[in-house]
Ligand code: DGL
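Before any questions on binding or motion, here is one chain by itself as structure tokens, the form predicted alone.
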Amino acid sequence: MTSDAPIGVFDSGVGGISVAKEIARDMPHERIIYFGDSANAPYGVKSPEEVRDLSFAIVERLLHEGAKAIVIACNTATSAAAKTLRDHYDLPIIGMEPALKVACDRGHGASQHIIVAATPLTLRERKFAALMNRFTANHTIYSQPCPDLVTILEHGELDDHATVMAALHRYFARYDFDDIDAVVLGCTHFVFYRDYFRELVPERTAVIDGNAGTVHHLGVVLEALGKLADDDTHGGIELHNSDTSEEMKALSRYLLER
């Protein structure tokens, strides 16, 4: 059994476009409806209750579009709303979490020093605390909130080198990167800053995100349910945003094509 129904993907803003792009690369026959909630961004400084309410409203919209599965392309919304959404809806809901296990496994048993860069809410939530508890006995893990990186991207300033590097130095100046084995990008917005992080850290320091693992999990789930698109289905990404300005449309297209 196959399904030509779309995959719904949403984020607090434009960061999750990085996930939608990876889905399109790995599953080129899938139709993807992407919704960014930039009018309400950033989620990372809101209360969990606010994020849950916003997430439910977006899922209702994507279900109205006929989505066969939902990808929460947002670590913050996953932390605050994924469990409640799964309890409420009878369809696959795939979330994100910082790729801390991937970073720890790189050491092949040796203790690792890892920075997890994420939004304040992601780092405060019990879901991240539980994830941390799995690894802190054997590894040194630093939690670094970086809310301005969301704002910079949402304002279309990704290519402003001075602004981005000033923000990165403000957040990371306290670390000795010669002692850091990996930086985990725990927010889908941050994936667009990969080249900047590579400029910031030594070559030996890995820069890791969770997009590939999330997309792989989505594919496994859809295949198990017999809901993968047929090979003759014409896939693609349809972009929507709660900020309907021409500037946001242009930014979304730019990030999709970047």
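All residue numbers are counted from 1 along the displayed sequence. These numbers were taken from a predicted model, which means no experiment stands behind them.
Another form exists, predicted in complex with the named molecule; not displayed. Remarks below refer to it.
When contacts are judged by a 4.5 Å heavy atom cut-off, Pro42 counts as touching the named molecule in the predicted bound form. Among residues of the shown chain, Val150 is one whose heavy atoms approach the named molecule to within 4.5 Å in the predicted bound form. Of the candidate stretches 165-173, 108-116, 73-81, 134-142, only 73-81 has residues with heavy atoms within 4.5 Å of the named molecule in the predicted bound form. Residues from 190-227 do not approach the named molecule in the predicted bound form: none has a non-hydrogen atom within 4.5 Å of it.
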